[in-house]
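There is one chain below, alone, in structure tokens, taken in the form predicted on its own.
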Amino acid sequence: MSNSTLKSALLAAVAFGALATAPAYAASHSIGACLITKTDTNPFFVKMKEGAEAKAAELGVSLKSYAGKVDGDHETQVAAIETCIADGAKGILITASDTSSIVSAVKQARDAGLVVIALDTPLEPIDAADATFATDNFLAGELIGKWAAATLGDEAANARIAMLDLGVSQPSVGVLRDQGFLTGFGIDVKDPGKWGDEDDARIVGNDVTAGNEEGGRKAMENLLAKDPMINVVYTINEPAAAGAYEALKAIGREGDVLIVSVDGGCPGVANVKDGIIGATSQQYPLLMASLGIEAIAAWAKDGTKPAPTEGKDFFDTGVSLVTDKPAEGVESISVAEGMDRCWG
């Protein structure tokens, strides 16, 4: 995403914030809100929680936070929704582990009068939530795919690609990033609603990581056993990328494989600086969370619901490609700029 697009997203966020100004809520903590994340260990969700807590304190919202034990822990998220309903919360912010199975629990919350807002990961269908604040995850994937193809040049035709995805349930965030990467790289994605059905011979295979470093290492080892000459690695996020790098390093391949990722956390951007990751698409969890709390406050005040970004079915919080090796035709920001904007 261009700097101008990111600026537009931030300006829209400021405008949206006018719906829920601090004086209206600072005097009372009667507005209850819940934040339900996939885990409480991934730096992305740690930063999201910090953003929600800061905005809740500013607006006088009483926030309770819940998280799955691991990425993919659907049952804990359902139990958290039930608790929020019973506690009389006004709204829920959720990053769903299973974006389709969670819909019935979300419906229960909405039927009980809560506003439910998806953060980062759209539900399936997306309108199962009242609103979604997220990165354009397809674009995030597309940017790193375009960069990888442009960086390889003519050799992109001979690439051996490892796809390190999120989970077997294929939550929407993982599908969008995967399919965006392949599209950007110039590969036919067949059914864009799922990954793994592609028939391009350059794809060695898909494996799942649970979005953590150990999962990334194991998935990389599995795919290297299938084809030790892999030279391009797509990763769902930067912890998975770090694990993939360790697996490559163990066999002496860390210097000749192109790794790309999504997140833009400070450790991930540092890995771009160090050459561990070639490029990463940076997203902005603090903005997602703070907008979500503002939306719950506005809903509690007068029933206002946030509007999506024009031309999209969600509120786009922006994305920027971070690399110190810019590729022709792919807009990016430097590692220095990425460090200024990073989190975690």
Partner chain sequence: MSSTQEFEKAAATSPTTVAEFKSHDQSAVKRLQHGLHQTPWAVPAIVLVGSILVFGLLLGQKFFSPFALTLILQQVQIVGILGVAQSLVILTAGIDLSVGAIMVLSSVVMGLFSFRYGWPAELAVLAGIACGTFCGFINGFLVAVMKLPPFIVTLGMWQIVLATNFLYSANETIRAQDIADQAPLLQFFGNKVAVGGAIFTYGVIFLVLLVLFMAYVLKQTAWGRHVYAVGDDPEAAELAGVQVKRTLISVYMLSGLICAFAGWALIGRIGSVSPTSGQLGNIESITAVVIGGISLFGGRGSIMGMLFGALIVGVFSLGLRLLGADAQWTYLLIGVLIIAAVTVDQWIRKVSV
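Note that this is a predicted model, so its numbers are computed, not measured. Residue numbers count along the first chain shown, from 1.
There is another form of the same protein, the form predicted together with the partner chain; it is not shown, and what comes next is about it.
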Exactly one stretch in 106 to 114, 85 to 93, 131 to 139, 265 to 273 has heavy atoms within 4.5 Å of the partner chain in the predicted bound form; which is it?
265 to 273
Does the partner chain, in the predicted bound form, lie within 4.5 angstroms of each residue among D120, A150 and Q282, using heavy atoms as the measure?
no
Counting any non-hydrogen atom inside 4.5 Å, which residue from D98, E124, D207, E198 sits next to the partner chain in the predicted bound form?
D207
Scan R160, R217, H74, K146 and let me know which has any heavy atom within 4.5 Å of the partner chain in the predicted bound form.
R217
At the 4.5 Å heavy atom threshold, is Y245 in contact with the partner chain in the predicted bound form?
yes
Find out whether any non-hydrogen atom of K226 is located within 4.5 angstroms of the partner chain in the predicted bound form, and reply yes or no.
yes
Although the partner chain is absent from this view, report whether N42 comes within 4.5 Å of it in the predicted bound form, heavy atoms only.
yes
Spell out, yes or no, whether the shortest heavy atom distance between T183 and the partner chain in the predicted bound form is within 4.5 Å.
no
Residues within stretch 293 to 309 having a non-hydrogen atom within 4.5 Å of the partner chain in the predicted bound form
none
